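Let us start with two forms of the same protein chain, each given on its own as structure tokens and named structure 1 and structure 2.
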Structure 1
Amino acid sequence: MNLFDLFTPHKKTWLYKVNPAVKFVLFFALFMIVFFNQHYQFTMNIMIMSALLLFLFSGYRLKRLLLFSIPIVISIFSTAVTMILFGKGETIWWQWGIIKISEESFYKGLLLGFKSASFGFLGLVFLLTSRPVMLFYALMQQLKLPAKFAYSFMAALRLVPIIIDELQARSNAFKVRGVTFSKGIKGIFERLRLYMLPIFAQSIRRAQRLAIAMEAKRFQIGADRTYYYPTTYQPIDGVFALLLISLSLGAYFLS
């Protein structure tokens, strides 16, 4: 299974029909609310809401979603446990050496863990239900992002599979030629020299050709352009906005 198959959904749900610019604005606003919030119960409710959106409406199989959730679980564990065991507080529950669990550190640890999970689940929902190309087209048409920046980002995304193919080709070439690497740190530097330097040089050449091509197509003048994929606001965008606002208010009142 290659990288693109990994991020291909089993089925496309209604979330895929929502304008990516609308999702971006609403999720960014929710990110800010969670970031500045200091109430752990509200953050926990947002985490549950985000997890439900991911597991019920992303269109991916459960096994793959669990695979995607592994970094989120690691983030929850690392941030929450570190704060709980080593945070400051006055009401001490248990102490052994430098490890000190207090009431304040416990609730702060829960807050940080829930925030990490909320960020992770919301980010996955947005990532897995938004096509990058349509996102940039929506940003250009609905949020008026300059075309030179949007097309630059899209071109950069197109270069990622090319770089992956180059890495695979160089790896196969080294195997055919019987190239072996030293063990330890020396082997790491040998791989960096034989892999990264040629790919870095090729990337610079591609970036230069891309800049010349964009200049030839007059992206630098900032004039209005036509779009191959027109994006508009649809009723499903309003439904999604009302749903997200309702769930957020419900999370607030339940806390």
Structure 2
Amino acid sequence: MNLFDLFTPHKKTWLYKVNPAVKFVLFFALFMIVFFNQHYQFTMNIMIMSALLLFLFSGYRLKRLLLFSIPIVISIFSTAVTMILFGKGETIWWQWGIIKISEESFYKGLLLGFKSASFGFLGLVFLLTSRPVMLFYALMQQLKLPAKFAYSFMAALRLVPIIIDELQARSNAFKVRGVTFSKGIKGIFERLRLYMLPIFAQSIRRAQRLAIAMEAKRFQIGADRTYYYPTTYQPIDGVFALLLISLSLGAYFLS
């Protein structure tokens, strides 16, 4: 099974039809609320809500979704543990050397774990049900993102596979030639320098050629333009907004 199959849904649910710009704005708003909120019960409800969205409406098979969820579950523990062991607090439950578990640090740790899981699930729902290119087209048309930003992003994203190839080619070349690095911080600098220098020199030249080619084809900053993929607001966007808002309110009142 190749990587492309891994990210192909079993069936395309209604979430795929929601305007990506609308989806992005609503998810980002929800993300901001969770980010600044300090109440662990509410965060837990949001986490459950985002997990439900993922498992019910993403259109992927259960086995695949469980596989995607493994890193998220690990992140709950890895973020919670440091805070539980070293967080500040008054009501001490258990202490051993510099490790101190208190009531406050325990709940703070849970809060952190639930937050990172909420972000993980929300991000996954968004990524699995939206195509990057359509997101940029919708951002340009519905949210008036200037075309120069959107097209620069799309062009640069297309070049990512080339960048990865170049990095791997260099890594192999170092191995073949037996390049060795110093120990410690100096070694880190040598590594960064050897990898970054050619990658950036190449990428800058490539970006420059690309920009000149686009301008030669009459791509103009600030000019009125038409779009290859027209995107609009649809009734389903309203349904999605209502669902998300009512679920969030539910999460709030249940906490």
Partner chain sequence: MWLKNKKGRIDLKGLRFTDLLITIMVGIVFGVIMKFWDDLYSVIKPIMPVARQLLYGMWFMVGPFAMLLIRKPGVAIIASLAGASLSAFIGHGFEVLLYGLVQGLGAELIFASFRYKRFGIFVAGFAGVASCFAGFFLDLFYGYAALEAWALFVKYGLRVISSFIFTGIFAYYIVRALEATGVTNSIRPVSKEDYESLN
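Here the structure is a predicted model, which is why all the values come from computation and not from measurement. By rigid core we mean the largest C-alpha set that fits within 1.5 Å across both forms. FYI, numbering is relative to structure 1, first residue = 1.
Each structure shows the same chain on its own, and structure 1 is the form predicted alone.
In the core-superposed comparison between structure 1 and structure 2, Y195 has its Cα shifted by at least 2 Å. The Cα shift for H39 between structure 1 and structure 2, taken after rigid core superposition, is smaller than 2 angstroms. Y107 is not among the residues whose C-alpha shifts by 2 Å or more between structure 1 and structure 2 once the rigid core is aligned; its shift stays under 2 Å. On the core-superposed pair, the CA position of K183 changes by 15.8 Å between structure 1 and structure 2. On rigid-core superposition between structure 1 and structure 2, the C-alpha of V160 is found to move 3.7 angstrom. A C-alpha shift of 5.3 Å is found for R205 between structure 1 and structure 2, based on superposition of the rigid core.
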